[in-house]
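Taking the form predicted on its own, here's one chain by itself in structure tokens.
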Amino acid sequence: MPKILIVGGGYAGFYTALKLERSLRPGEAEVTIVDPLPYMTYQPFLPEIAAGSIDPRHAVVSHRRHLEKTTILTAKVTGISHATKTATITPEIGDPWEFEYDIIVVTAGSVSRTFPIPGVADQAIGLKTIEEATAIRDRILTNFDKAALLPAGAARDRLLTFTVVGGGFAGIEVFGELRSLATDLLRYYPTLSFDDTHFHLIEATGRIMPEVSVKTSLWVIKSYAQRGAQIHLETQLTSAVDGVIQLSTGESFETDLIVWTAGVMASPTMRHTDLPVEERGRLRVQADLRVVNDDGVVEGAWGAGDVSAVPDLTGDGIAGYCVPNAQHAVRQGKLMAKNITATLRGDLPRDYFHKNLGAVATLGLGQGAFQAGKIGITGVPAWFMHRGYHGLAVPMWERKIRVFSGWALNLFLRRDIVSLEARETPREAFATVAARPKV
């Protein structure tokens, strides 16, 4: 049987494997998926996870539970040699080995894109993984516990000052959700007031959320200002050394949490392959998702999702390519599975074409923004639209039920405000009291 190797188990990789399982006939092909994590993360939920509105486990989909016919390798692909049709598989424990394939599907996704700004690598945290979202949540909750015991002053201000860098959808959403969480927490801390909390969002361009209209983006800015959250437009972060924020405007303040959402770039996996990549490091593919080089189609190679430069045939993409978001990755994965199946049977693949249906964002509990063409909706209706869309979009019905059930319970029980920051050092409690042999 032909061996199909899928590199990456995110949106595009997971849906490719899932749809191949349903479309391939028994014995038609053998599918293997490789990812260092044993689950797919539904990233649109990360802001709500950071705010404690969704249980972290409910936003991930287990590979092993839902890909029943696919071989799962929880490891990294550290090299791809398409000339020999081999990939280097590197497990967390043990020696790397070479995996031979007939067809390779590259869906390795993206990672946070940063700039060499002093202090960012040491102080900031991204928002691409479940682990990052839960760490952000725990940091805020722990900081409130610490700040409640301090008198007014610089130390308390630093603990209660939270900074987000990047005014795209991810940045605006986590900014609003964290502001909502902080406001909700004040009921439990009588020694702290609303004016003690400080929220700053830094955006280098002159507007936020380019996917929505100017009118909608201005409403968002006004809404945040009314909620005590400041957005710095046309402002660059110049330094974050030791948590001291230095802005291009000359403003400076201290913060204990810096969330970096200023863009993404293709997975570093693409630095170790002989497959063709473009100037931004993304895999070169044509509209039917087959990999191409200057001579035409590269046989047996496919790509989709954030790691690939997929042409946007609607004309709405940036520089002619699909933007890196979940809408495209999910649909590309589904189409790629159909196209691979078609080519195995001697049929022609179809081009990817998807007209953006609109954009919807959460801005905190009960606040949202929606844009579809010239139609803009804000406030509570948009918030319900956000929850409805993403609650139904998260893969697998058992995940949908868990998410909707959690939201329903929160209406009556409120969100959970327990910090589990100690999980980062789980042996500390035991190690401090454990008896040791006398020397």
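One-based numbering along the sequence shown. Nothing here was measured: the structure is a model prediction, and the numbers come from that model.
Keep in mind the form predicted in complex with a small molecule is missing from the figure; the text below concerns it.
Participant: The chain here is shown without the small molecule. Which stretch in 154 to 162, 116 to 124, 69 to 77, 246 to 254 comes within 4.5 angstroms of it in the predicted complex, by heavy atom distance?
Facilitator: Going by heavy atoms within 4.5 Å, the stretch is 69 to 77.
Participant: So which of Lys128, Lys85, Lys334, Arg284 gets a non-hydrogen atom within 4.5 Å of the small molecule in the predicted complex?
Facilitator: Of the listed residues, the single hit is Lys128.
Participant: Which pick from Ala382, Val34, Val60, Val403 sits with a heavy atom within 4.5 Å of the small molecule in the predicted complex?
Facilitator: Selected option: Val34.
Participant: Determine whether any heavy atom of Ile4 comes within 4.5 Å of a heavy atom of the small molecule in the predicted complex, and answer yes or no.
Facilitator: Heavy-atom contact with the small molecule at 4.5 Å: absent for Ile4.
Participant: I'd like to know if Asp306 sits close to the small molecule in the predicted complex, meaning any non-hydrogen atom pair within 4.5 angstroms.
Facilitator: Result yes; Asp306 sits at the interface with the small molecule in the predicted complex.
Participant: Examine Pro44 and determine whether its closest non-hydrogen atom to the small molecule in the predicted complex is within 4.5 angstroms.
Facilitator: Judged by the heavy-atom cut-off of 4.5 Å, Pro44 is in contact with the small molecule in the predicted complex.
Participant: Looking in the predicted complex, any heavy atom of Ala329 within 4.5 Å of the small molecule?
Facilitator: Ala329 belongs to the contact set for the small molecule.
Participant: Three residues, Gly9, Gly109 and Ser267; all within 4.5 Å of the small molecule in the predicted complex via heavy atoms?
Facilitator: Yes: each residue has a heavy atom within 4.5 Å of the partner.
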